[in-house]
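Taking the form predicted on its own, here's one chain by itself in structure tokens.
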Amino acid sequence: MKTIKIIIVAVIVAASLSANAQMTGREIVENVYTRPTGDDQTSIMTMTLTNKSDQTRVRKIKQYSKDLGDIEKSIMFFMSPADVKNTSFMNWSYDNDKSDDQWIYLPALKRVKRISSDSKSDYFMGSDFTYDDLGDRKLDADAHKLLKEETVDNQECYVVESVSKDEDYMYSKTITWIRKDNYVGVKKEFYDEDDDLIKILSIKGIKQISGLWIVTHSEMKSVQKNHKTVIKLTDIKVNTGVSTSKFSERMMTRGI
């Protein structure tokens, strides 16, 4: 009986330790980075820009992405309105510590321009997303700390603070609300060098397609400029065999 009691106590203690074991901030963010997104994806993006006077501009974009293992490539082509039609943007993100490569094609100039590291803090096509936001932040570029757990839209979330290790980076820190069930970030706050809130990214729509969690509706609001960018994805297709040749400077100039 004594032996049985010892075993029972050991099992209870082990279960208690397991229940109380808490993931670190870095482990949570790593799960976000490694969440399956498919081999490739295509969609139509509708981008709506709203200024402080409540005036809107709507842009329609065709986008493609492909995961090649050690590198992920994406490209987008502006379809409308006329003043941005045939503009294209391409991003290559690497698994190693190499910085993203980015290019933009402006039809008026008839040439592809490489985005320099100094320009990645610039805002993309008048939106509230910087060029850097459109790329992939390296996992260890920040120190990640689990602050707390909260419920957002009836979903349990981890709240993780990520502080930049580079003092010159445009954001001193970000705070992200990450769903526990699927590791999708549903809210993110961006702070400047004075730790003042710059903007807030809110995820309004998530859909499961072919077993993959896809963000379909997001809103980036600049609290300092009172400007907002809403992005909605439609006609989403995954794992259709997008050709690697789609992601080149030549394709940027050719268009869709």
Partner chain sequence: MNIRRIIIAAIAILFVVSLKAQNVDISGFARTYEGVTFKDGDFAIIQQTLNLNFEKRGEKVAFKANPMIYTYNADSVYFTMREIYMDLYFDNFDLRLGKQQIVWGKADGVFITDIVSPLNLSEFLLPDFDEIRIGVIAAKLDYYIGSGTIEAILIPQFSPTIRPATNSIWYNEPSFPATPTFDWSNSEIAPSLANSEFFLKYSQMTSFVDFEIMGGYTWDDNPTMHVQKEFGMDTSTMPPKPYLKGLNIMPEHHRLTVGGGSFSSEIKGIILRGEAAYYNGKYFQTEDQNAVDAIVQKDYLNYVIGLDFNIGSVKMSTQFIQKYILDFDNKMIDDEINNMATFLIHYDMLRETLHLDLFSYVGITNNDALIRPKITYDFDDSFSILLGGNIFVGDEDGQFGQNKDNSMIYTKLKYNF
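Keep in mind it's a predicted model, so treat the numbers as computed, not measured. Residue numbers count along the first chain shown, from 1. Rigid core: the largest C-alpha set superposing within 1.5 Å between the two forms.
As for the form predicted in complex with its partner chain, it is not shown, yet the points below apply to it.
Peer 1: Its partner chain isn't shown here, but in the predicted bound form which of E161, E72, D100, D142 has a heavy atom within 4.5 Å of it?
Peer 2: By the 4.5 Å criterion, the partner-contacting residue is D100.
Peer 1: Using heavy atoms only and a 4.5 Å cut-off, determine which of L197, I209, V215, V58 is in contact with its partner chain in the predicted bound form.
Peer 2: Looking at L197, I209, V215, V58 one by one, just V58 meets the 4.5 Å heavy-atom criterion.
Peer 1: Give a yes or no for W177: in the predicted bound form, does one of its heavy atoms lie within 4.5 Å of a heavy atom belonging to its partner chain?
Peer 2: Taking the distances in the predicted bound form, the answer for W177 is no, it never comes within 4.5 Å of its partner chain.
Peer 1: Is there any non-hydrogen atom of H227 lying within 4.5 Å of its partner chain in the predicted bound form?
Peer 2: Output for H227 is yes: heavy atoms within 4.5 Å of its partner chain.
Peer 1: Is the gap between D122 and its partner chain in the predicted bound form 4.5 Å or less for some heavy atom pair?
Peer 2: Contact with its partner chain, yes.
Peer 1: Report whether the minimum heavy atom distance between C157 and its partner chain in the predicted bound form is within 4.5 Å.
Peer 2: Flag for C157 set to no.
Peer 1: Considering its partner chain in the predicted bound form, find the one stretch among 134-142, 149-157, 87-95, 177-185 with heavy atoms no farther than 4.5 Å from it.
Peer 2: Among the listed stretches, the partner-contacting one is 87-95.
Peer 1: Check each residue of 234-256 against its partner chain in the predicted bound form and list those with a heavy atom within 4.5 Å, in sequence order.
Peer 2: In sequence order, E249, R250, R254, G255, I256 come within 4.5 Å of the partner.
Peer 1: Could you tell me whether the Cα atom of S127 shifts by at least 2 Å between the shown form and the other one after core superposition?
Peer 2: No, because once the rigid core is superposed, the C-alpha of S127 moves less than 2 Å between the shown form and the other one.
Peer 1: Can we say the CA of D118 moves by at least 2 Å between the shown form and the other one when the core is superposed?
Peer 2: Where the cores coincide, D118 still shows a C-alpha shift between the shown form and the other one that is 2 Å or more.
Peer 1: Under a superposition restricted to the rigid core, does N239 display a Cα displacement of 2 angstroms or more between the shown form and the other one?
Peer 2: No.
Peer 1: Given a CA distance change of at least 3 Å, are Q63 and D118 closer or farther in the predicted bound form?
Peer 2: So the answer is closer.
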